[in-house]
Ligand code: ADP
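Take a look at this single chain, the form predicted alone, given in structure tokens.
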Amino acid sequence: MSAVIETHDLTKVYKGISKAQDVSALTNLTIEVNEGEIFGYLGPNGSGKTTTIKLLLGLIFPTAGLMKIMGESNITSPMVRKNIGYLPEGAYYPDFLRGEEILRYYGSLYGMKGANLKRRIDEVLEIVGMTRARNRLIRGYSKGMRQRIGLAQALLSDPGILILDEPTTGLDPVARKEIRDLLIQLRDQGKSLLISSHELLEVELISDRVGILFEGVLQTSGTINELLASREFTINAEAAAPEAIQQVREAGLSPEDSVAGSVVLRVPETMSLYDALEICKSRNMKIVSVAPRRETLEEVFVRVVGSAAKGKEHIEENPK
């Protein structure tokens, strides 16, 4: 796969009144978004996600480093801009306009007009499932419908790249699934998606690769399978008396579920599986099964960000 978005040592410093007040929003960011994939871009508030998006859109300029979009280093060229569709977080549209009117306005900004614009509006409304609501006023749209019309706007120029900021935040479960299915459909059509989101389960369900940012520094990136590799084990045991469960807990195992003498024990990464089994056997527990435990993306996120935060605290407490 070829990279459609590349950054190399991308750095952005917002200048303050004095050098001591400078803010480093991004430091040496190097990422790739490949053709035909969904890249989940994660990080706490203030980590640099929005700065990255603004840089890629050419709304602000880097302090240092390089960016390429579709192999082009001039990211503000008409060719590049036509091939990027953008859905901002909390996109606002005048509520006295109708859905089709919004799309007609944005289409005119691309230089589209006449029959070609009409045909493309019909196509994107069909793609996002908003054909029947095309003539309804925006004020009558639900939040899910507003997101759909926002996606339709982002798709008007038939771009190869979509940059989406919080596309499912605040939606009900049904609307989230509908948007999620639509994003997967767009990827399967060959489009490349960079999604910035706090909805970690949604990102886990649809992303091919993920990058986690903390205070402007990329902490880790990789495929979902790489990042969620099994790091721990669970032991399913029977004949587990309440006192035995308490004893194994004190020994370092974590009971996750206990019903009628059966218990599921989580083996921490710091303990060998052999030692965990010996602990269970010494409490007369019958081992039923042992299985690797796959982390969730939320657990990976908390672990990576937590480790980065502790590392920063250590540096601040022990400056050279």
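Start at 1 with the first residue shown and count on from there. These numbers were taken from a predicted model, which means no experiment stands behind them.
From this point on, the text means the form predicted in complex with this ligand, which you will not see here.
Peer 1: Would you mind picking the one in Ser289, Ser272, Asn284, Asn45 that has a heavy atom within 4.5 Å of this ligand in the predicted complex?
Peer 2: Checked against the cut-off, the match is Asn45.
Peer 1: Spot the stretch among 260-268, 247-255, 63-71, 47-55 with residues whose non-hydrogen atoms come within 4.5 Å of this ligand in the predicted complex.
Peer 2: Contact-bearing stretch, as computed: 47-55.
Peer 1: With a cut-off of 4.5 Å between heavy atoms, is Ala308 one of the residues that contacts this ligand in the predicted complex?
Peer 2: Outside the cut-off, so no.
Peer 1: Indicate whether Leu297 is a 4.5 Å heavy atom neighbour of this ligand in the predicted complex.
Peer 2: Residue-level check for Leu297: no, no contact with this ligand.
Peer 1: Indicate whether Ile17 is a 4.5 Å heavy atom neighbour of this ligand in the predicted complex.
Peer 2: Contact with this ligand, no.
Peer 1: At a 4.5 angstroms cut-off on non-hydrogen atoms, which residues of 4-40 are near this ligand in the predicted complex? List them in order.
Peer 2: Residues within 4.5 Å: Tyr14, Val23, Ala25.
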